[in-house]
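In the block that follows, a single chain appears as C-alpha cells, in the form predicted on its own.
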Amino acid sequence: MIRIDGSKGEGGGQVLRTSLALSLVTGKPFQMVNIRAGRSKPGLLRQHLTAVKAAAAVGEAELEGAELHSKELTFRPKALQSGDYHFAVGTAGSATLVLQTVLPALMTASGPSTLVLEGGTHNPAAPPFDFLTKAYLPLVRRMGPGVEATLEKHGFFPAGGGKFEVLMQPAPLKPLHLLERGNVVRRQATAMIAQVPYDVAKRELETVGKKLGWLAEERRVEELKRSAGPGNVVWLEVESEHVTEVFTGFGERGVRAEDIAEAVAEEAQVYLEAGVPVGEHLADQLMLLLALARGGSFRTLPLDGHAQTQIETFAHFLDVKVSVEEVSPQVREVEVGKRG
C-alpha cells in the first residue's frame, strides 16, 4: 500500500487526481492523508469526490473515505474497464479535471470508451474545455491514442450546467520530444460572454490588442445565447509550427475587464518572449503523459509548484526519472526516462 501525504508540495487536488490516474494505470493501491490540507476548505469537495468515484468505476476499485470533506482516502483498483461512462459533478465544479483523472487510464485500456461529463467546462483554477481541445489533446494524439472531445453545453462558475462528450480509441503512448516551438503561424484572441454586457468583451479585446499588438482580425467576440448562468472567459490561442498553446482569463464580479485581459495577455507575452513550446499549465499535463510513456522531453518556463508536485507523485508509482535543466533564466528543459 502506497502512502501519500496530500499536504506536501502544492497541497491541493492535483496530487489526488494524479495519484488516482497512476493507481489506475499501474494497479497499485494507495492511501492518502491530509487531502487538500493546503486549501481554505480542506478535504474532498464535490468535484474531487466525483473524480474519485469516476476512477473507482473505471478501475472497479474498493474505496474507503470517499465522502464529502473527507481528508483521508484509500483506493484499491481491481481491473481497468473500458466502456461507456457518464459522470456528473452536480455543481459548477470542474468536469475537465474529472476527465484528466480517468483519461490516462482509458486511453491505454483494452478497448474504446465513451465519456459524457457534466459540470463546469470553464472554471478558474482548472483547464477550460478550449485548452483541452486546442493544446492538450493534439499532443495526446501525437503520442498514439485517438481522443476527440465535443462540447454540448458551456458551464460557468457558479451555475455549472456544462456538458461534453469524449471518444477514446486507446493505443500505447509513444515518447514525445518537443524542444522547438517553430514560427507562430496564427494568433487568435477570443472574448466569450454569456448573459454579460457586450462592452465587457470589447474592452477585454482592446486591452489584448494594446498589450500584445494583435490586429483587429485576430480578435473576436463569441456571444452565447443560451447558458445556465452568466459567464465571461477571454482566451488567447498561439498556434506555432510544432505546438498550440492557450492562455485563459476568467471574468470575476468586481474585477475590471481590463485587468482580466491584462493578466492573460501578460502570461502569453512571457511565453512568447521565452521562445519555449510549452507553457506552465501544459507542462504539468505533458509531464504525466511522458512519465506514462517512459520517455520524452520538452522545453518550458521555470516550473511552478504544480509541476514539482507532479514529479514527487510520479515517484510513488512509476520507475521513471525526471530531470530539469536550466537552459537560461527563463527556460527549463525537462527530460523523462526510465531509471537506471
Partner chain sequence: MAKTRTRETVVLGMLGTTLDAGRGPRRWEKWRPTVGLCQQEDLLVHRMELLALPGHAELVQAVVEDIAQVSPETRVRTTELNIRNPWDLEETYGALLDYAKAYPFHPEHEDYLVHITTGTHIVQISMFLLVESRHIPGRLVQTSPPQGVRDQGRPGIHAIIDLDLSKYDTLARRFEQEQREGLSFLKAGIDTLNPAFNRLIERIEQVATSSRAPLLLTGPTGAGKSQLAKRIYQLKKTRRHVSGPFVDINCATLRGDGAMSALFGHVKGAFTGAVGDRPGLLRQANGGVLFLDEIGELGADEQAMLLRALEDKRFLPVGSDKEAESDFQLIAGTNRDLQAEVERGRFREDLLARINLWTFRLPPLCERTEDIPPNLLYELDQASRALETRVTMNKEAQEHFLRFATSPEARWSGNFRDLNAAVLRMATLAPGGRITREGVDEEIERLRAAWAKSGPSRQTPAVDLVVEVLGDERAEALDRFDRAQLAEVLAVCRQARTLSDAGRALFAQSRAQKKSINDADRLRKYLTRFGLSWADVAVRGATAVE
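All values reported here derive from a predicted model rather than from experimental measurement. Residue numbers count along the first chain shown, from 1.
What comes next is about the form predicted in complex with the partner chain, which does not appear here.
Establish, in the predicted complex, whether 46, 161 and 195 all lie within 4.5 Å of the partner chain, using non-hydrogen atoms for the distance.
The answer is yes: all three residues contact the partner (heavy atom, 4.5 Å cut-off).
Do residue 157 and the partner chain come within 4.5 Å of each other in the predicted complex, heavy atoms counted?
Output for residue 157 is yes: heavy atoms within 4.5 Å of the partner chain.
Test of understanding: in the predicted complex, would residue 315 fall inside 4.5 Å of the partner chain by heavy atoms?
Residue 315 lies outside the contact set for the partner chain.
Do residue 76 and the partner chain come within 4.5 Å of each other in the predicted complex, heavy atoms counted?
Flag for residue 76 set to yes.
Residue 301 within 4.5 Å of the partner chain in the predicted complex, heavy atoms
No.
Which residue, 167, 184, 255, 216, has a heavy atom that falls within 4.5 Å of the partner chain in the predicted complex?
Selected residue: 255.
The partner chain isn't shown here, but in the predicted complex which of 103, 189, 261, 89 has a heavy atom within 4.5 Å of it?
Only one option qualifies, and that one is 89.
Just one of 224-232, 141-149, 200-208, 263-271 has residues with a heavy atom within 4.5 Å of the partner chain in the predicted complex, so point it out.
Among the listed stretches, the partner-contacting one is 224-232.
Heavy atom within 4.5 Å of the partner chain in the predicted complex - qualifying residues of 65-79
The stretch 65-79, when checked against the partner chain in the predicted complex, contributes 67, 68, 69, 76 at the 4.5 Å heavy-atom cut-off.
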